[in-house]
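Coming up, as structure tokens: structure 1 and structure 2, two forms of one and the same protein chain.
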Structure 1
């Protein structure tokens, strides 16, 4: 190919990446720009230099159309952080399950049964971040910054009391429903620890509702119990089955993992708030 043919081929490659209604105009404009850059030079090497300076066809096409942004750059760090945290939890539970239920080839079992399937988590997370980015672009007024309300610790007793009743009912159901067939070892050894911590958490929640607000003690107890409950649940799942039926056990463990990830995000936010409050108190003294 001579220099002009190379430029024509490049322009065609760029144009085919654009919507049909833009192709003719963009191709004519781009060809004029490149030929002007080429000037009186006629060697193919000179055309390659001009083309290389302008960028790959995909990069050139991107200059002529609005980019499709699925994940906002501002969300990249949060996406990476929660992807790594979620996959680390899933992988660790898979390793613990491998020790509890050994197989002839544990590495292959973990890789095929845990590591590769765990990629669902970044996929779900990416979809959630992409939906958030689309929502902010579609309805920018909803994403407009507003100053945070002062955290006084006060809570809505009605809503929180209703939530407490729901949590108590769920705890009673987990204990009393006859069709929930727990694994005997879990029921005898690990289950009582989980139940005791859940009850302790409900007591702290009830104390906050009775007072009408969260104070320093109840906030910190809430954080500590969230961490304890999460740790005990990880231990309980890693140590063996929770239910006698395998499909029920797998489904419940999946739900618990999702709950643990949401709880971890909540605990991080609460810890940050406590640290900010502590720093403010220290600064004011």
Structure 2
């Protein structure tokens, strides 16, 4: 290729990355600019030198357009952190599943069945961050920083009473619905523990609603019961089947794992708040 052909090829590469309406115009201008920069020189190396100064076609094309930022630079670290944490959890659960259900080639099963599909997580996270960035740019007033509401422990009785009724209904359904066929061993040995702790948790919740606020005792009981219920559920799932039908058992276990992960994050937050409160009380006395 001679110098002019190189420039023409470069211009074509840049132009195809531009919006159709400005493609021909920018291409014509870019070509004259590159030829001006080339001047009297005719060697292909000279053309390469001129082109190199403009950068890769994608970079050159990007400079002709308004910058497009999908993920705010300020969010990059949070995105990376949550991507890694989420993938680590998915991978660890995959390893645990590999131990529970051994296959002839566990590494390949894990890689193809867990590691590669786990990329959905950073994808979903990216979409969420990009949506957040878009809404902040679109409605900057709504994105203004606001201090978080002071935690007085106050409960909205109406909402929480409705939630309590829902939870009680769910618990009764778990016990009474005739088409839920529990595994006999679970029903006889582990099920009663799970049910007892669920009822205890509902009692604490009802007490907090009756008082209209969380106090130190109900808050700590709530944390302790969350930990206990979590521990017992992990034990109940690890010890064997919960339901007789395999697909029901798998589905329920998956749902319980998701609930446990959300609850774990909630408990960590509540524990940190309790510890903060405790150290504030200690330093003030």
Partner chain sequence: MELELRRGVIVLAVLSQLDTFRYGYELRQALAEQGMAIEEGTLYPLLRRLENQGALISDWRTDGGSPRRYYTLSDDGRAQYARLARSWRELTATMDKLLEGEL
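Remember, it's a predicted structure, so these values are computed and weren't measured experimentally. Positions refer to the first chain, counted from 1. Here the rigid core means the biggest group of C-alpha atoms that line up within 1.5 Å when the two forms are laid on top of each other.
The second of the two structures is the form predicted together with its partner chain.
Superposition of the core reveals a Cα shift of 2 Å or more for residue 97 between structure 1 and structure 2. When the rigid core is held fixed, the Cα atom of residue 24 travels 2 angstroms or more between structure 1 and structure 2. Once the rigid core is used as the reference frame, the Cα position of residue 220 differs between structure 1 and structure 2 by less than 2 Å.
Taking the rigid core as reference, the CA displacement of residue 15 between structure 1 and structure 2 comes to 10.9 Å.
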